[in-house]
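Here we start with a single chain on its own, the form predicted on its own, put down as structure tokens.
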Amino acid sequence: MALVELRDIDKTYQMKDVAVKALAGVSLDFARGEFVSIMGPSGSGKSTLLAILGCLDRPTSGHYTLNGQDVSLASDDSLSDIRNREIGFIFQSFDLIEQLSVLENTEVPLFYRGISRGQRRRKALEAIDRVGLSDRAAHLPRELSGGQCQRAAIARALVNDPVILLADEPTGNLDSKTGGEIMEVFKQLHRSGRTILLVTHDRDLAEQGDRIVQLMDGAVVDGGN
């Protein structure tokens, strides 16, 4: 069984009197341990697909199975729990809490799971070490470079040991050299067995994954199963 199974996923948004179809019959499988790049022009449905994969939005129709559970049928409380336990998010804008140190930012997902302070500290330090940022654990985001901020965001995404990492244009705010360094972090995580789905506009970065899924007008036009 694939780690992720999407079957006939449609997503329609109602914009006043107009129905806008963002996804149209998307069916995809992602294997455990796979590194997949998702590409497509603006308006192709990439962001909508990632929101559904991340349980931030629900499909209008179709089924999404993650790690054996049909999450398209889950309650809102269940979806919140799935997001916290099963999914790690990495965003273009880092989304770090400016008032918290790297260590404290990394601890946040564990706090919401009710993990004890000592365990939070230990697990967070392990995650920070994995992304090569141990010497910046006590620093605030404003004291970090863009690449260091993204490493901190990756550590936060890893700390709950999720089954899948979702990265939305993770190098979009970085120069090419720093972006290449962040891609090396992703490739190291992939080699350790992580499942990664990465949205990018950069063909060179996309080709570093196992497969490229190409979207156009809400449909898969290349790289499907």
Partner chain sequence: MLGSNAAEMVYLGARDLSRYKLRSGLTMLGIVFGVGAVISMLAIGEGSKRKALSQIEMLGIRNIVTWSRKPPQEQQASTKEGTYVSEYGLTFKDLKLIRETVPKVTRVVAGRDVRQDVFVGRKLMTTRVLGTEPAYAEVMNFKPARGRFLVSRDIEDRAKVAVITQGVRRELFPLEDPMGKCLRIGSELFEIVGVMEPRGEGGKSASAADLDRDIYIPFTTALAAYGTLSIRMETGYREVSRLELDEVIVQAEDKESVTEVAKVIEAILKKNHEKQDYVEKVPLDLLLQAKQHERIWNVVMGSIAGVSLLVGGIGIMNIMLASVTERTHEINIRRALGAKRRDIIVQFLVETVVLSLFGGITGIAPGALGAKTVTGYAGYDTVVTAFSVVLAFGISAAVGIIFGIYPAWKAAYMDPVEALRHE
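The structure displayed is predicted, hence computed values, not measured ones. Positions refer to the first chain, counted from 1.
One more form of this protein should be noted, the form predicted in complex with its partner chain, which is absent from this view; the next part is about it.
- Its partner chain in the predicted complex comes within 4.5 Å of a heavy atom belonging to residue 47.
- Contact check for residue 80: a heavy atom falls within 4.5 Å of its partner chain in the predicted complex.
- For residue 185, no non-hydrogen atom is located within 4.5 Å of its partner chain in the predicted complex, even though that partner is not displayed.
- The closest heavy atom approach of residue 84 to its partner chain in the predicted complex falls within 4.5 Å.
- Each of 92, 98 and 108 places at least one heavy atom within 4.5 Å of its partner chain in the predicted complex.
- The candidate stretches are 187 to 195, 49 to 57, 62 to 70, 29 to 37, and the one lying within 4.5 Å of its partner chain in the predicted complex by heavy atoms is 49 to 57.
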